[in-house]
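Quick heads-up: it's one chain on its own, the form predicted on its own, in structure tokens.
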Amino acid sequence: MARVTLDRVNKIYGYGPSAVHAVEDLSLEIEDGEFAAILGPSGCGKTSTLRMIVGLEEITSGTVAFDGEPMNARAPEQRNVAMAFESYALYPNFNVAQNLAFPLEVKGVDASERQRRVERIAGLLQIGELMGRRPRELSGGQQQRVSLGRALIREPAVFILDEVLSHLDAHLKFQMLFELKRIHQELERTMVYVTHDQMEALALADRVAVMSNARLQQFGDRDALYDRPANRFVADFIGEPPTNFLDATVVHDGGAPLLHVLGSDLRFAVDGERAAAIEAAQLDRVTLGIRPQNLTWNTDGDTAVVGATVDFNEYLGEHTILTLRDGGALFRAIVPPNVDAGEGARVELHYRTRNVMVFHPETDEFLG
């Protein structure tokens, strides 16, 4: 296993005016044995980051180190890193057992040790009954397991997963998420998972590095990303359905400030921490953020209330998403599936003040 450290890493493609800064001043430390995810939209720099860790891309500046030892000058084969790709890249003329054993054969591992490790990985991935089959005889999920096994069998210090679930259907993807988590818990290897899918990242990783426009936005666990996003981008990218963002003025009504949503009668209260942050920043206008999950139909304690009119009712079986309007303000809430709230109905929704997020209107930074 290894601790992976990136210190002010930059990657620039090309020269002069046409140069592209793909990764900008990235500093990141992934702990020994940690499952970390690098998450972001296409073009954010996550794949370039991965390729620099592996050694497939030259680092423009900065340092990549394993356990404090710089890796910049080392070739990929000298880094003890294994990688599984979005494409399975299996050898079509080899059966499963031969595909698994091939990396060991190249390294000169003797036949008995190869057989032992092939059997162990096959058991771990639950593909023992497939050993005599060729790739064309396997389903997509089975091919993905063989691809993972071929990387794992090398017993690397760092295991890299690049969009490995993107070709799988929803049901199979859910199964593979469980399997990847189980494999990590059993092997206790350092794993870095690159994806654009926030559900995958949150389900798998101990911590998630969120990237946008070549820069790291935040590196934290699920609770930090969900409840204390560093900025509006993170708050918008993490969570489904997306966070509601509403422009609001700060109203002082003899006590804690209220946030009056522009173009509406909506007023949201905030907790003491947010109120103090607003006062410290001396703002009279902010961007309010609240997740649809935090606007609830029923109350079970100390909650505040806002009223709005239903614009659209989207029934999804296990829950319903209401699109609501008050004046010029439009937002969404998740309510139980049996709620009777048709178009035009006036409803009241409950929220906890600690779930109201506040962002600087110009820098988009989280306040509080």
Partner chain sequence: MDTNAKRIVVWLILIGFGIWVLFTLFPLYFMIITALKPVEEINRMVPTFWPETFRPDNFRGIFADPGSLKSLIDSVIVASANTALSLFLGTLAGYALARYLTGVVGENLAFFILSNRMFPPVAILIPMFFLFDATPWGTDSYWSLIILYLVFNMPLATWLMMVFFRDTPRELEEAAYLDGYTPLRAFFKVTLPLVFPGMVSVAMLCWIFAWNEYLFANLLTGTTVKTFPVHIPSFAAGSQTLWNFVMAFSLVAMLPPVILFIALRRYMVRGLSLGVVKG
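The term rigid core refers to the most C-alpha atoms you can superpose between the two forms while keeping them within 1.5 Å. Numbering follows the first chain given and starts at 1. Computed from a predicted model, the values in this text were never measured in an experiment.
FYI, the form predicted together with the partner chain isn't displayed, but the following is about it.
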*Can you pick the stretch from 338 to 346, 38 to 46, 53 to 61, 319 to 327 whose heavy atoms fall within 4.5 Å of the partner chain in the model of the complex?*
53 to 61
*Option touching the partner chain, based on a heavy atom within 4.5 Å in the model of the complex, out of 111, 251, 280, 89*: 89
_Can you work out which of 77, 155, 221, 197 has a heavy atom no more than 4.5 Å from the partner chain in the model of the complex?_
77
_in the model of the complex, is there a heavy atom of the partner chain that lies within 4.5 Å of any heavy atom of residue 274, even though the partner is absent here?_
no
*Please run the contact check for residue 85 against the partner chain in the model of the complex: heavy atoms, 4.5 angstroms, yes or no?*
yes
*Look up in the model of the complex whether residue 141 has a non-hydrogen atom within 4.5 angstroms of the partner chain, and give yes or no.*
no
*Does the partner chain get within 4.5 angstroms of any non-hydrogen atom of residue 150 in the model of the complex?*
yes
*For the heavy atom contacts within 4.5 Å of the partner chain in the model of the complex, list the residues of 98 to 118 involved, in sequence order.*
102, 103, 106, 107
*Classify residue 93 as shifted (yes) or not shifted (no) between this form and the one not shown, where shifted means its C-alpha moves by 2 Å or more with the rigid core superposed.*
yes
_Shift of residue 246 between this form and the one not shown at or above 2 Å (CA, core fit)_ = no
